[in-house]
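To begin, one chain is listed below as structure tokens, in the form predicted on its own.
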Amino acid sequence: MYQETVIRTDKLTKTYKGVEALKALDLEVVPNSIFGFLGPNGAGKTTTIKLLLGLVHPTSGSASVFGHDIVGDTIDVRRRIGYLAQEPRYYEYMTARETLRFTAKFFYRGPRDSIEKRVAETLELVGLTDKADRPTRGFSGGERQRLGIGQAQVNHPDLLILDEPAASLDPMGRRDVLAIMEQLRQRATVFYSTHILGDVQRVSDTVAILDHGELIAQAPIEELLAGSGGVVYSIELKGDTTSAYQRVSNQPWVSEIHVAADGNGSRWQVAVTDQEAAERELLRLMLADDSLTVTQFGRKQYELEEVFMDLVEGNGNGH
């Protein structure tokens, strides 16, 4: 069955006073994904979000949301989008319930009972039922962000755009926000910008990395975490590794072995050019010695931080 692309940009560019904030951006976001839009502060993430929402116009290029052009069809697009700004603002005297009710009335023309039901469901989703009738002026940072997500999704949009939803939160607050995002993806696509690498690794399906307005990577998270330097196996060993090292390094499909020793044994990083040969033979070669014990064996998973720093530094903009 055909599924429409949620967001597509084609050479989308924005220039402010001669400075390119966004350079020829090509993105594709598919339905019911959590899409992490990653980059350092000032990379162009918020500019992209403003373009997608029709809040600013592109200098060149184009973009569509649910097949609607962001310049011409903004009213049609906005009906299907929920948006959380980087620092949500509230009428401080209003309670969480009143805030959500106020927002919901923009979307509903039905009976009051149905609005109240939606508000109650939203309060439960974002974990604010017990604080529903307190003025928002007393809310913590995490509570304000959760209320902001509640406000963004109270109309059950097909797309949620969240600008740095967990940036200023402590670890508990960030965990709560990420958990809500995972729940929301069951009925919506979540597109969120962030510079917090660990959060991206925890919840995203696909990641795009922006640096100085330029897209430097876009791929499923598993693909990025497999690393760009080919396939590497991580092996932990105990015992005499001398003959095993000789056997492994002699294989034509082994391009490099990096060894780190500690008091309990050694850890090898074995880079290979032929993954099938490695899967078939590498462990057997290690276990050919009775005097050697393999305590851990598997394909290396990179941390997103490693991948991110390699890409940003390779882009010539490393700091």
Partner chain sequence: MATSAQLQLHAGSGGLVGLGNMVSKEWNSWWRTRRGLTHLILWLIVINGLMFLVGVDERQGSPPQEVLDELIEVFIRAGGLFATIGIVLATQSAVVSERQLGTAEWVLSKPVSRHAFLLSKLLVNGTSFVFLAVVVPTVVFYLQVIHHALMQPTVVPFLMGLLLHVEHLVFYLTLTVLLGTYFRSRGAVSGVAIGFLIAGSILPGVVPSVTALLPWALHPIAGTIARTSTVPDGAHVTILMCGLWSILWILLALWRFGREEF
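Because the structure is predicted, anything quoted here is derived from the model rather than measured. Positions refer to the first chain, counted from 1. C-alpha atoms forming the largest set that superposes within 1.5 Å between two forms make up the rigid core.
A second form of this protein, the form predicted in complex with its partner chain, is not displayed here; the remarks below concern that form.
Taken together, the three residues 94, 103 and 110 all lie with some non-hydrogen atom within 4.5 angstroms of its partner chain in the predicted bound form. The partner is absent here, but in the predicted bound form a heavy atom of 155, alone among 234, 129, 155, 168, sits within 4.5 Å of its partner chain. Taking 257, 53, 277, 283 one by one, only a single residue has any non-hydrogen atom within 4.5 Å of its partner chain in the predicted bound form, and it is 53. Among residues of the shown chain, residue 99 is one whose heavy atoms approach its partner chain to within 4.5 Å in the predicted bound form. Using a 4.5 Å cutoff between non-hydrogen atoms, residue 246 does not count as a contact of its partner chain in the predicted bound form. Within 4.5 Å of some heavy atom of its partner chain in the predicted bound form lies at least one heavy atom of residue 90. Of the heavy atoms in residue 139, none are within 4.5 Å of its partner chain in the predicted bound form. Of the candidate stretches 288 to 296, 259 to 267, 56 to 64, 31 to 39, only 56 to 64 contains residues with a heavy atom within 4.5 Å of its partner chain in the predicted bound form. Of the residues in 7 to 34, those that come within 4.5 Å of its partner chain in the predicted bound form through at least one heavy atom are, in sequence order, 14, 16. The two forms, fitted on the rigid core, differ between this form and the one not shown by 2 Å or more at the CA of residue 110.
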